[in-house]
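A single chain comes next, written as structure tokens; it is the form predicted alone.
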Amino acid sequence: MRIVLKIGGNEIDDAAFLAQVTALVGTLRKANHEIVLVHGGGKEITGLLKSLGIETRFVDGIRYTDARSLGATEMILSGGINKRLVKILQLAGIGALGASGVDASIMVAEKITRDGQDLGLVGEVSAVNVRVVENLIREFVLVLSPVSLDKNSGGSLNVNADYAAAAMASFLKAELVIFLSNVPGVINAGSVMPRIKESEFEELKKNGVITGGMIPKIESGLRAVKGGVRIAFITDADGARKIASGTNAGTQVTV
């Protein structure tokens, strides 16, 4: 089975979380599943931008990215975090290879706006080099930075990691995509929602149940399912372990 896992930047510096993810990936590989691990890095990007005196601004949970902040973003995502994750997996005996969307044109993106608002050098994935990815995941866990090749300029574009994971899962025709978070799922009135349907999404946003970075996760889950991915979940590492063993956990996103 082909599985795309997405981990966020808020969890990447949590040693316990990374240990759980490493164990999960190891279990999946032993069961001969093919894995793409897409990662974010927002917390570290924000820290570096602050040290450089660059203001951080978000539009509906998407980071506005100008030329200066793109350089910092690429350095953190495609350099520091990507290689750190590869090392952790390798030390656990899991064959891993790190890349960004720019490498071998793994992900090609086009510049976008958000509700008519300019996002700067931010794009969405319009193509995936499926042949290259398929060859890599036969042998390795592909650890993927979401920075992608700009289709028009040949430069780089910052792509939200949730959207990148959804696109990768769709193009690969993955059976499962899990958006890993530091919460067990979408929380409503103190309880995890077992399922969110597309028809409920706008009302949940309006009522403040879904806010900030959870918005792109739900949108990405919907995109993935519409793109042919069989199952999409939002959960934490423990929930992902249960899902991998065949037990539902977290919040399933359905159309």
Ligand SMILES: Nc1ncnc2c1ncn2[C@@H]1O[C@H](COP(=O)(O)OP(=O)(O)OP(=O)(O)O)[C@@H](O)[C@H]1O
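This structure is a prediction, so every number in the text was calculated from the model and none was measured. Sequential numbering from 1, following the sequence displayed.
The next section is about a form of this same protein that is not shown, the form predicted in complex with this ligand.
Inset, instruction - Among 25 to 33, 48 to 56, 66 to 74, 212 to 220, mark the stretch whose residues have heavy atoms within 4.5 Å of this ligand in the predicted complex. - result: Among the candidates, contact is made by 212 to 220.
Inset, instruction - Answer yes if any heavy atom of Asn182 is within 4.5 Å of a heavy atom of this ligand in the predicted complex; otherwise answer no. - result: Yes - in the predicted complex, heavy atoms of Asn182 and this ligand come within 4.5 Å of each other.
Legend entry - Interface membership of Leu37, this ligand in the predicted complex, 4.5 Å heavy atom rule: Close contact is absent here: in the predicted complex, Leu37 is far from this ligand, nothing within 4.5 Å, heavy atoms only.
Inset, instruction - Give a yes or no for Gly9: in the predicted complex, does one of its heavy atoms lie within 4.5 Å of a heavy atom belonging to this ligand? - result: Gly9: contacts this ligand in the predicted complex.
Inset, instruction - Could you confirm whether Val186 comes within 4.5 Å of this ligand in the predicted complex, counting heavy atoms only? - result: Contact with this ligand, yes.
Legend entry - Sequence-ordered residues of 153 to 175 touching this ligand in the predicted complex, heavy atom within 4.5 Å: The stretch touches the partner through Ala161, Asp162.
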